[in-house]
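This document opens with one chain alone, in structure tokens, the form predicted on its own.
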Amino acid sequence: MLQIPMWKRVLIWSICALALLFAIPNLFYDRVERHNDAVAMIEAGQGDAAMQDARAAWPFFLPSFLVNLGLDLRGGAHLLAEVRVSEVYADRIDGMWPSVRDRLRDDRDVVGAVRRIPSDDPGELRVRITNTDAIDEAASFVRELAQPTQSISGFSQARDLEVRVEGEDIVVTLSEAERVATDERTMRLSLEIIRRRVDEAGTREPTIQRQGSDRILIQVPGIGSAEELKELIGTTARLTFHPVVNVTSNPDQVPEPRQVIYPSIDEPGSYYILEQTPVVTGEQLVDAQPGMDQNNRPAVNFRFNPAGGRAFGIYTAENIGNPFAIVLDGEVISAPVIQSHIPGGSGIITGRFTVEETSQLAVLLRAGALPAEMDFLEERTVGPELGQDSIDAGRIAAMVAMVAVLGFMLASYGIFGIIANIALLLNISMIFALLSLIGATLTLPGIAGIVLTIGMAVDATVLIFERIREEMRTAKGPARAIELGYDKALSAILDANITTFITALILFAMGSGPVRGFAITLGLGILTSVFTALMVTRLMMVIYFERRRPKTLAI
């Protein structure tokens, strides 16, 4: 019998209504986008009157989910960066020197005095002892410092250090296994920090992917230029806090061992000689926010974790009246004199900052320091005009396809063509509603997937209508013909769409970037087209039959 239970009718219409509700915000894209930005800014405590107006421009009771536009539609910046992974080797080896020195000092009676020899290779540590007869024994002492290599999957049997004797020198380097593990950790950390920095800046749907062993692809829609993106993610942002030894105007002055000399960022020609070992580092920061100092100048407020706060508090208590240098990427940005004990692990960074610079510095500090610098091999800015051209081209293609299909269905199937056309419009609404809900990014290939879906949705409806026509030719009644038409078309529709859906899944799993965008819209389009072809059109035909009770079907 040609009947559909009431609960199923309510469910079908409810799904259609929700699809329209969640798709509508995309018709008012700019207004809803300004509303969403204003809500985010107000929740962050940075709203003003303009933000309040933008928030009120879209009713609060309506959904405000939007389809994210990709780089080719919205415009933005494209970067291909190469991470200098070898720089991390030098930092690791340099950090080994105190441990090597202390270990050999424990057996000073055997090895004699210990000193570090300069090396042309920053990735190796050369140590010389005065008792060269005990150099092999000294090397064995240094080997005791080697630890099992830690990879992503856990600890391995290999050791992290290689220690050898070359003439009168003991040479310490990272082992090959440790270099591989270090490269992997450096790339993963770089990806995570870049992602945090881009997310902190409030950009939408960036593409951040590893390419090869030491390269990272970064595509951020909506950002003004590639230079702006480079400034955001290319800064190392390594923050350290050092005791000040002296101040000089001679940049060539050689500091004492375990001391460094850094220029002042605020005072040209002034250089600070600092203790090399920092009291606390930026890795111990848990928060950094832009703010104002006591003189109402832009500054950055920061807060340490318990360990950093304890070290900071102890140092400030013991060094009241002494200057304390705040160093960012090898430059002293501030060197205040400690006026009193600072418990609680919070402080403020002052300098000749603008409001924008304090906001950017706070973002960089919250995201953490990059483990190594990067070289940008490709940089490209996709202008909004090009993105708008893509949108216009895609919109024209979709409209032409839509009008052609609607006209064909109306001419071929009359009133039933209207039913098919309504189902097709609901199908498009469902695709945009799902894309908005899951936060997917729509790219130009994604628009191609939607246009392809339009054709596939009509194909299923045509298959059903042709089966109904065949049943009508066998002199069956309209109700029986509709029922048999849907039953006989079901297997063919499911077979065709299941195979295409599997293809979309494979494309999504194996592809990346635009290929995934195409796979997402194609996969979602298959699900919605099957639903509208089998459920929505059938419900509308049943309603038509119940109201008109036709003796025959003009199909």
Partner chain sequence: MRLKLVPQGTSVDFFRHWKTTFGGSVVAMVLSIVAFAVMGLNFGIDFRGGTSIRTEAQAPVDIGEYRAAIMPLGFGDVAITEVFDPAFGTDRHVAMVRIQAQEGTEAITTEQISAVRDALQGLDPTLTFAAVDSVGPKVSGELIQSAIISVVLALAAVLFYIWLRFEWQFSVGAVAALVHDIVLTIGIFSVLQIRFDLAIIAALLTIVGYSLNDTVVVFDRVRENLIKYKKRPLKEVLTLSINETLSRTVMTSVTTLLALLALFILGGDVIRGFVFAMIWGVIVGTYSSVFVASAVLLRLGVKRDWSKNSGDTAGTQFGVKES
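Bear in mind that the values here come from a model prediction, so they are computed numbers and not experimental data. Positions refer to the first chain, counted from 1.
Keep in mind that the form predicted in complex with its partner chain is missing from the display, and what follows is about it.
- Proximity to its partner chain in the model of the complex, defined as a heavy atom within 4.5 Å, singles out one entry of 130, 248, 86, 412, which is 412.
- Interface residue among 428, 161, 333, 448, judged by heavy atoms within 4.5 Å of its partner chain in the model of the complex: 448.
- Comparing 278-286, 131-139, 413-421, 188-196 against its partner chain in the model of the complex, the single stretch with non-hydrogen atoms within 4.5 angstroms of it is 413-421.
- Residue contact check for residue 26: none of its heavy atoms lie within 4.5 Å of its partner chain in the model of the complex.
- Residue contact with its partner chain in the model of the complex: residue 230 places a heavy atom within 4.5 Å of it.
- Proximity of residue 215 to its partner chain in the model of the complex: non-hydrogen atoms within 4.5 Å are present.
- Contact annotation for residue 179: none of its heavy atoms lies within 4.5 Å of its partner chain in the model of the complex.
- Of all the residues from 74-110, those having a non-hydrogen atom no more than 4.5 Å from its partner chain in the model of the complex are 80, 82.
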